[in-house]
Ligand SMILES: Nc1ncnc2c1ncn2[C@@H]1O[C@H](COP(=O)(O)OP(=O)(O)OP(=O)(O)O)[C@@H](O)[C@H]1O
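In the block that follows, a single chain appears as structure tokens, in the form predicted on its own.
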């Protein structure tokens, strides 16, 4: 589903060159729940942003479902994100003045390929899935952090994306709320064969991943699948 070849991301600050990604090569299969792990500054979020078309690599290429995303125009990238990708961020990124239902419906409304009734039905269905249908008329500030993150997951899932990206989704949550969120990811992955790529620095999260890619200094240092090391750089 995703082929990554020799991905490089170099930041220049004056005379200083920082290699945030230094030759990352990976493949990610349909239905995988992949964890990207490593210490702060290892390149985890940079890699996720490249895969999610939120930033551009310095060199190398990414092919998603047969599409070389580096060849897409800005408009084509916007449409690709809207129709194929979903995002969950650590700060929830909900619109504060919109209700839970309105927040979840927003990406579906942007696509304009479903009528209002279908959008409402799809949004209600995913809210029932995450257990927050009864809170649909509440504002984000009326929810706990864990509930807000579950709404964020529902919003990311309402368009039935091919790939769901999650950037440290439990960073602002306590252990109990984190476990609820991770169990929800696991359920979504199993029920919908949903491909999920998640960045995390919490070691205990690894129990939820099918496969773990560890980064250090922008390089892949291990790639573990079902407890076995697949490859290492």
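Bear in mind the structure is a predicted one, so any value in this text is a computation, not a measurement. Numbering follows the first chain given and starts at 1.
Below, we turn to the form predicted together with the ligand, even though it does not appear here.
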property	result
Heavy atom contact within 4.5 Å of the ligand in the predicted bound form, the stretch among 169-177, 185-193, 34-42, 61-69	34-42
The ligand in the predicted bound form: contacted by all of 80, 125 and 160, heavy atom 4.5 Å	no
Residue contact check: residue 201 to the ligand in the predicted bound form, 4.5 Å heavy atom	yes
Proximity of residue 213 to the ligand in the predicted bound form, heavy atoms at 4.5 Å	no
In the predicted bound form, residue 20 touching the ligand (heavy atom, 4.5 Å)	yes
